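Listed next as structure tokens is one chain, alone, in the form predicted on its own.
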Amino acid sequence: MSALPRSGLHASLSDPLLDTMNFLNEVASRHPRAISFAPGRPHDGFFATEEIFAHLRRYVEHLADEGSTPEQIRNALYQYGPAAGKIRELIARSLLLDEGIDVPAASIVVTVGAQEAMLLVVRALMADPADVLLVSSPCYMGITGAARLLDVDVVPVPERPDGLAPADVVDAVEAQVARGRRPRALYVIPDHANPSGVTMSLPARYALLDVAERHDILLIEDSPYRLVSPGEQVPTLKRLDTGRRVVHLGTFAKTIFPGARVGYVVADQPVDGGDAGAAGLLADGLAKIKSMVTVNTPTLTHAGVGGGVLGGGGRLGALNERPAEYYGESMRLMLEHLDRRLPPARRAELGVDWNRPGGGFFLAMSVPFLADNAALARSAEQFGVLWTPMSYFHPGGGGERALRLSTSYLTAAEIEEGTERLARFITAEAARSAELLV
């Protein structure tokens, strides 16, 4: 058969956004000796193979304690499960204990990672070509990728150094309404954001909820890093939400293990019956969509994650005290070594700066040169250090002279050596850029 014409395939297949993950993986595989500040992965030191079996046994014992027969337990592990998931009660309890979020289990849908949750929510909310999705910018590329696959227009709202400003959201909403479009939702990571590392203040969260109420939009709150960050956290938008304006996304990739690919969405927004029948919750609609996408989240991974939650007495915070301490120390070391390699006078001379997140996996660095794929290749080949171009995370353009640096995956020794290599690369690249301007 002749080759399929590219023009006959969905336009997203030609979008550079969909090549980003593959590119980063290929760069890392081509340079196995390079120290990589690119992946937002949990540290391998917290995983033990035998622990998976302990999680499974704990979940089986839990089912038995609840009165399940051996046949029911077998089916819970081997058979298809309900589209909305089998561990919703465990998730609801952990949300209450960890975050003070009090929602019924019926408002939760268990998903194949938070990525599927994004796809389901965007699909459910965007009903008309005039509907648009607002996103903080820079923004996690998973949500913009999901929107691209669904042909949903994304409108970036610029993130400031101290987080998303509610006034900027109002400006974006009003500008879209003036164009005859309908802003349906805003996606935001309020805590230790990916990619910037920024955390929104408590007053800004209250103001954002007020904006959502006044302008009739939903807030899609993504929350991957709170429970693996040190210290007391600002309350989630969902905890502060009194008007059911917040759709809350969560994942167990950071708190239990990423290989399970289990996430969830809390969608307790009421939906009237209309012509379709009985009223219900948004979660019911998401479960319907999910049944046509992945049918159900694998029941075996349900068991692994469910057993992990039970292992912390229902509290993921208790289960992640040591990881949170480790990641906090990794961030502290990263900032310390950057300060040592590039002290204030030197970075002022070079035109380099970075922020100082209090948790999470990422920080953002501005540089005086074009931080594109070609620069990344030079960094890997000549200096043995990898990072992520921040431009990947700007759906409306921008970030061409900035890097995302991840601190989560590396050891203390690797962070020390990696920052030394990074400083040498930045110094050399700044000189190269200056020469090109002469």
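Throughout, we count residues from 1 along the sequence that is shown. Since the structure is predicted, the reported quantities are computational estimates derived from the model, not experimental observations.
The following text describes the form predicted together with a further copy of the same chain, which does not appear among the structures shown.
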I need to confirm a contact call. Of N355, S366, N75, S201, which residue comes within 4.5 Å of a further copy of the same chain in the predicted bound form, counting heavy atoms only? N75
May I ask you to choose, among A167, A345, A127, A178, the residue with a heavy atom within 4.5 Å of a further copy of the same chain in the predicted bound form? A127
Only one of 346-354, 169-177, 90-98, 146-154 has residues with a heavy atom within 4.5 Å of a further copy of the same chain in the predicted bound form, and that stretch is 146-154
Contact label in the predicted bound form: S29 to a further copy of the same chain, heavy atom within 4.5 Å: no
My question is simply whether E232 lines the interface with a further copy of the same chain in the predicted bound form - judged by any non-hydrogen atom within 4.5 Å. no
Within a 4.5 Å heavy atom cut-off, is H215 in contact with a further copy of the same chain in the predicted bound form? no
So in the predicted bound form, is a further copy of the same chain close enough to L300 to count as touching (4.5 Å, heavy atoms)? yes
Could you list the residues in 389-427 that come within 4.5 Å of a further copy of the same chain in the predicted bound form, counting only heavy atoms and keeping sequence order? Y409
